[in-house]
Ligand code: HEM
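In structure tokens, one chain follows: the form predicted on its own.
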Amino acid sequence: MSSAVQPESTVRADQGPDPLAVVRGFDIYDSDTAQALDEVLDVARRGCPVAHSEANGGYWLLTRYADVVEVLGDDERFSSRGGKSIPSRQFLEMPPLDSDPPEHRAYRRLLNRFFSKGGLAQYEPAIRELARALVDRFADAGRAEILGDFAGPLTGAVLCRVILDLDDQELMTQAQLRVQRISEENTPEAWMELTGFLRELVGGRPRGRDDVLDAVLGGSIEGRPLTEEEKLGVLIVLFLGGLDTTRGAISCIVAHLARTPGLEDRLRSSDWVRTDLDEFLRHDSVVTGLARTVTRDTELGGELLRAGEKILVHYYAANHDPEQFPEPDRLDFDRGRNPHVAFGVGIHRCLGSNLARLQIRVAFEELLATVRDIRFADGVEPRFAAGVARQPERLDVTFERV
């Protein structure tokens, strides 16, 4: 067992790891914990599913599906305001992610039409062209580093060039690096860099393009224009979601292809996104967890939570709860109904979920039309990055050209 799970001080000779001791130091930014995440969460779930961690200023960790769904569906007791990271180091509120009703509905109305299935359909040819061009760059070499050569450039180009109409490769690269720093480090400096970058980005941007960026810069809610801080907050949400999570989902699926002979054929089926994608999303849950704030003293899972305390709603843990998903650590494409929480639940369900599904579908259509027999380059399973986004640190693979 990893030292992240079973240090000497947390082991009971008769029963194994002490769940309270394991959770007491639980830190999503710790690299050793990231490598043993399933084991750590299993110990916590069985022994103390609602438990307090002393890491990062202190917070409650939720590991059961039922508790996670309860919190995500109750904005009165568990507020989205006050930041989604633990510790909260962002400089601005990030609506609609950090907003509660009724303001939340107003922000979503401002953005929804751009991220509906119908609104996104017009972008599929451009996304396909980008994906095909990226695959063509490395197909003949017989090897690639998937995050740097494919998943990262694709999601960066889709957000910046296709969705925001910002055709600048260097800009896309710089934006992605800043978002990655927030995901993996959550330092004040990382938030300051991204905020300053976006402030400069939109400063001289012309208006009148009827795209999502134009809607944010010229938008209003409840009869008043958005403040400059609100505009930047919305853009931070778009960049965090658009540049990191789909990148991670694509890389995790490629890792499954590399370790599972024959899985490529399943993904070459025309309907795999409809039948199988949700199981990939459940199993990997790239966004591991986000914070809520307790608004009043309340009971959850037999524990008393005080007003003002933070909760880490752990999506990955919920999606690996055996009470909800039998044999949760196994990919099972015959589960049928799959009520995973990888995109959240309720009013805060991910705004970009339709865009993520579209990008993933097109990415694998183009990748698997060109290469086959994907394998880990060195035969060794990749390490996972610590932080909010659970994805390989890098993913070197080899393959044959079709």
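Residue indices: 1-based, along the sequence shown. On a predicted model such as this, the values are computed, not experimentally measured, just so you know.
Note that the form predicted in complex with the named molecule isn't included here; everything after this is about it.
The candidate spot formed by Leu72, His104 and Ala249 lies fully in contact with the named molecule in the predicted complex, as each residue has a heavy atom within 4.5 Å of it.
When the named molecule is considered in the predicted complex, Leu232 lies well away from it, no heavy atom lying within 4.5 Å.
The named molecule is not drawn, but in the predicted complex it has no heavy atom within 4.5 Å of Gly47. For the chain shown alone, His348 is a contact residue for the named molecule in the predicted complex, at least one non-hydrogen atom being within 4.5 angstroms. Although the partner is absent from this view, Val40 stays clear of the named molecule in the predicted complex, with no non-hydrogen atom inside 4.5 angstroms.
Interface residue among Leu159, Leu312, Ile182, Val254 relative to the named molecule in the predicted complex, by the heavy atom within 4.5 Å criterion: Leu159. Checking Phe325, Trp272, Phe280, Phe115 against the named molecule in the predicted complex, a heavy atom within 4.5 Å turns up for just one residue: Phe115. Only one segment in the set 330-338, 372-380, 26-34, 354-362 has residues whose heavy atoms sit within 4.5 Å of the named molecule in the predicted complex; it is 354-362.
Looking at 41-55, no residue comes within 4.5 Å of the named molecule in the predicted complex, counting any heavy atom.
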